[in-house]
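One chain comes next, on its own, written as structure tokens: the form predicted alone.
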Amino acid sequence: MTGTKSLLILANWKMQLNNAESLALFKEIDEELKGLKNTEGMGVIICPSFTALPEIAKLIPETKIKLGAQDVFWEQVGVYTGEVSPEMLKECNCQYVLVGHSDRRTYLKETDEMVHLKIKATLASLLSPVICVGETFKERQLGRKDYVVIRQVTQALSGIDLILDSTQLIIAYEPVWVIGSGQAIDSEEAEYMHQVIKQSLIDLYPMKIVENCFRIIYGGSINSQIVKSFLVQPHIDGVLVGGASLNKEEFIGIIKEAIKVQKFK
């Protein structure tokens, strides 16, 4: 991951579309992307549901899109009913995996320890984890947002060795209280939290590893009208898009804004 940093636009479709809808939307986005200029270096990543992965995987080689999964288990094989291993995801052409999303931390009680194990397993299979961190509204009210995010980053990565030029990790800062609210935080505040995350990484790894192995992106009620204000910030390397990624015009609009910013990043 040396050289100029490309902006990352990552879509998380959650459990919103059935297989036919997922395939149709993927094809529509792909067709629109083929008509855009200056997409070289732009990283467009889509994370559909598990059941939609096999059919979409067949289309990936002919597109500008990279494929990601919404979750992964920390073992490669075993009696783990309902789970999906990193190697299974590789068979579906996945290159990226969301790990520790707030939906899973909130509804499925996923812990920092579980996130840590998933990251280790993902890296062992040469997949790139997208590590989601962020504070709740209560934690924010108590003035603990910095502490919470630093703790999540540190416990997720502590003790994990990284190899320069062969490891790719993404940290997605998503303040839990704005996800799905339709109201993103101020872009300058997001920039501050990205600096906090970067400092946490510097405390764990040499600067060369931090600069070349990590990208830090923002997520939380992003849309095409506000995305530029985030992407122009020095420490924000892209966005994780939820609801807006389910609308072809809106998602392509986000990508178009990213293309404009990429020229000056």
Ligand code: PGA
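Source: prediction; values computed, not measured. All residue numbers are counted from 1 along the displayed sequence.
Although not depicted, the form predicted in complex with 2-phosphoglycolic acid is the subject of the following passage.
Report task. Quick one: from 233, 39, 221, 63, grab the residue that has a heavy atom within 4.5 Å of 2-phosphoglycolic acid in the predicted bound form. Result -> Answer to the contact question: 221.
Query - Listed residue (179, 84, 117, 162) with a non-hydrogen atom within 4.5 angstroms of 2-phosphoglycolic acid in the predicted bound form - result: Comparing distances to 2-phosphoglycolic acid in the predicted bound form, the residue within 4.5 Å is 179.
Requested in this report: From the candidate stretches 27-35, 206-214, 236-244, 43-51, select the single one in contact with 2-phosphoglycolic acid in the predicted bound form, where contact means a heavy atom within 4.5 Å.
Outcome: Careful reading of the contacts points to 236-244.
Report task. Considering only heavy atoms, tell me if residue 14 and 2-phosphoglycolic acid come within 4.5 Å of each other in the predicted bound form. Result -> The answer is yes: residue 14 has a heavy atom within 4.5 Å of 2-phosphoglycolic acid.
Query raised in the report: Would residue 174 show up as a contact with 2-phosphoglycolic acid in the predicted bound form if we use heavy atoms at 4.5 Å?
Result: Heavy-atom contact with 2-phosphoglycolic acid at 4.5 Å: present for residue 174.
Query raised in the report: In sequence order, which positions of 96-114 have a non-hydrogen atom within 4.5 Å of 2-phosphoglycolic acid in the predicted bound form?
Result: Residue within 4.5 Å: 101, and no other.
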